[in-house]
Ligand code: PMP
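This document starts with one chain, in the form predicted on its own, laid out as C-alpha cells.
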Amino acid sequence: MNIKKLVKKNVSLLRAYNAKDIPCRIKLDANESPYGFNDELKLPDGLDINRYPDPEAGILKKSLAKNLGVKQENILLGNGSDELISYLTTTFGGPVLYPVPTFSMYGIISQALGEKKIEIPLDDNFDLDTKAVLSAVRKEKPGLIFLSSPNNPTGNCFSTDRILKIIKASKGIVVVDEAYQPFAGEKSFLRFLGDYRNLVIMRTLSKIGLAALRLGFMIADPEIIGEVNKVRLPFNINSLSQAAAVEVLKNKKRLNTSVRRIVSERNRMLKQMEGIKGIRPFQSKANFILFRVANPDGVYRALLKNGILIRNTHYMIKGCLRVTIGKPDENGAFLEALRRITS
C-alpha cells in the first residue's frame, strides 16, 4: 500500500513545523522567557488527576478577565495559540491572508485545512504594505487576516493606523496576534475591541515564563467566541495547566518584574550589538533581536560549536539570525562569542 497516495494533496505538500530539541549549554532560539515560576507551582488541594478538567476553565477565565479588564464571555482558551489559529481557520475559512515573513503556523494550518493562502510581503521597514494588503482584501475577500504585532521574526510593531485601515476594510475576521505585546511598551489593541466586531486579539502565556503550560487565549466579541467554541475540542485545557496559570497570575508583580528584566536586557544587547563590526541589529519590541550578518550560516554554526543555540532565520529573511533574550550571563556569553566569531 502506498500511504502517500491516501494523503490529501494540501497535506502532502506541507513541511512540518521544525521544532528540533538541540541540546545546548545556552538556549536562545525559541523566544521563551528565561525566568520560570517553579516555586509557585505546587499542586493545589482538591485537584484530582483522575477527573476530567473543568471544561470551561472557569477560574482561569475569571483570573484572565480581571487581568485584562474584559468579561469572561469575551475569552476563549486554547492549548497554545496554535490551537486557536486552527479553530479560527476551521470556523471562518479562507482565503487566509497574512504578511511575510511572520509566524509560520498561519500558513501551515491554513494549508493543512485546505484553505487558500495569501502572503503579502512586508515593506522595506518590515511594516505592513497597506496598499498591497487592501488590494488583496478587495480582490480576494479573505475570511481571515492574521497580523502579528510585534511581529516574529522581525521584532517590530506594525503601524496602528495601518492595522486599523485593514480592520475597517475587511469583511472577514482580523486577528491581531499580541504574543509579544508585554515587551512592546505600547498599548494593546484591546482598546479597539468595542469599535470593531470583526477584531480578535490573540495572546499567550508562553513568552512570559509559562511556555510548558501551552496556554493561549483569544479575546473577541461574544458572538465570535460562541461560534469558535463550537469547534473547540472538549477538555482542551488540562487541570494542571489551569491550576498553574491561576497561581502565577495571582503574582502580577512577579510577572511584570520578569518582563522588565527582559526588556532591560534587550535594550542593553541592542546597544552592544550595534558596536560589533559586521552586525546590523534591528530595533525590537519583542523578547528577541533579529540581526543581519555577512555569513549567517557560518555564524550560526560557530555559535553552536560554542554551545550557544540561536535561530537561523536566513531562509525567511536573507542574511538574518534571531537571538532570544536570556539571562544576563547567557546574553553576555552570546555577545562575547559573537564578537570573537565575527572578528
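What you see is a predicted model; the values in this text were computed from it and never measured. Throughout, we count residues from 1 along the sequence that is shown.
Heads up, the form predicted in complex with this ligand isn't pictured, but that's what we're talking about next.
Colleague: Tell me, which of Arg266, Arg214, Arg232, Arg162 has a heavy atom within 4.5 angstroms of this ligand in the model of the complex?
Modeller: Here the answer is residue option Arg214.
Colleague: Find the only residue in Gly172, Gly94, Gly80, Pro101 having a heavy atom within 4.5 Å of this ligand in the model of the complex.
Modeller: When this ligand is considered in the model of the complex, the option within 4.5 Å is Gly80.
Colleague: Though only this chain appears here, would Thr130 touch this ligand in the model of the complex if you measure heavy atom gaps against 4.5 Å?
Modeller: It does not: once this ligand is placed as it appears in the model of the complex, Thr130 has no heavy atom within 4.5 Å of it.
Colleague: Can Ser206 be called a contact residue for this ligand in the model of the complex at 4.5 Å between heavy atoms?
Modeller: Answer yes; at least one heavy atom of Ser206 falls within 4.5 Å of this ligand in the model of the complex.
Colleague: If we define contact as a non-hydrogen atom of the residue within 4.5 angstroms of the partner, is Thr89 a contact of this ligand in the model of the complex?
Modeller: No.
Colleague: Would Gln181 show up as a contact with this ligand in the model of the complex if we use heavy atoms at 4.5 Å?
Modeller: So Gln181 does not count as contacting this ligand.
Colleague: Counting any heavy atom within 4.5 Å as contact, can you tell me which stretch out of 252-260, 187-195, 173-181, 134-142 lines this ligand in the model of the complex?
Modeller: Going by heavy atoms within 4.5 Å, the stretch is 173-181.
Colleague: With the distance limit set at 4.5 angstroms and only heavy atoms considered, check whether Gln272, Asn331 and Phe334 all reach this ligand in the model of the complex.
Modeller: Zero of three within 4.5 Å in the model of the complex.
Colleague: Can you name the residues of 105-143 that have a heavy atom within 4.5 Å of this ligand in the model of the complex?
Modeller: Residue within 4.5 Å: Tyr106 only.
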